[in-house]
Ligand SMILES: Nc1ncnc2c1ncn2[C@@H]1O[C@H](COP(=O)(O)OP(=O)(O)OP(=O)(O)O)[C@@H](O)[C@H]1O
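In structure tokens, the next block holds one chain alone, the form predicted alone.
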């Protein structure tokens, strides 16, 4: 299996200091991931569990107060794994957008509201490719939009003249312009209506199929994971608690947290009330000892309160960090 990106005991914390007091938010706390090529890999979990921070770490975009505490981030480039955090800033900048790109939340905040879309494309290409004249850049942008089924007229308008769904698809087109091997998508369907969500999802699936790259998608919407992803990881309190093929996780979830997330989904024809997860996620400043989910878990016993579970392999592709798996 061709692993294009992997992490080893990755820890990235927010270190906040104010009036002599230091506060440490353990947003990503010991994450080990192996992301294969040619897959849509999903990361699920409640708000505040560290999903978006994990994407920042995978992009090697650690700006204060976010700091690397421990671990490695490895990209497979030209057949060799590069330890990204040991590279120079110039080398990391070179890898961004050509090897790995990022689709952020909130497309309206990404596009400059006082510039036409084509100016944003020009600026992007001028800063990340060898010098060409603007007619070449325009042709490249037009061809890419055409490949993705988007009308070239979007280049001649301002962001506010596009619908929310069209803006998001334009941002996706911008992020995939240089054919990156890995695309990080942070809540790409948030704040969109169901029709626009469908268009965005179809575009992401089309990009992955045509470019044969890897998409790592964060969303708390388990329904979208079921439709789109081929493999997924469940994140809770800064840690991955279960990982495996999406079909298998939905058919046979092992971790109680995964079960709760799936059981909260509405089902066609099922009029039984859905049950939410009791309680709320723990503070990442002072997470509980042992398994972080134990205060909310209906199956917790004494060992869960004092000992943090290690990953156990259910089979070759499915692993879980839970004592119940024993």
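The shown structure was predicted, so the numbers you read here are calculated from the model rather than taken from an experiment. Numbering follows the first chain given and starts at 1.
Form predicted together with this ligand: not shown, discussed below.
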query	finding
Region of this chain that lies against this ligand in the model of the complex, out of 258 to 266, 291 to 299, 44 to 52, 30 to 38 [heavy atom, 4.5 Å]	44 to 52
Proximity to this ligand in the model of the complex, single hit among 142, 105, 129, 98 (heavy atom within 4.5 Å)	105
Distance check, residue 14 to this ligand in the model of the complex, heavy atom within 4.5 Å	yes
4.5 Å heavy atom contact, residue 25 to this ligand in the model of the complex	yes
Contact test in the model of the complex: residue 65 vs this ligand, heavy atoms, 4.5 Å	yes
This ligand contact in the model of the complex: residue 243, any heavy atom under 4.5 Å	no
Residues in 147 to 161 with any heavy atom within 4.5 Å of this ligand in the model of the complex	none
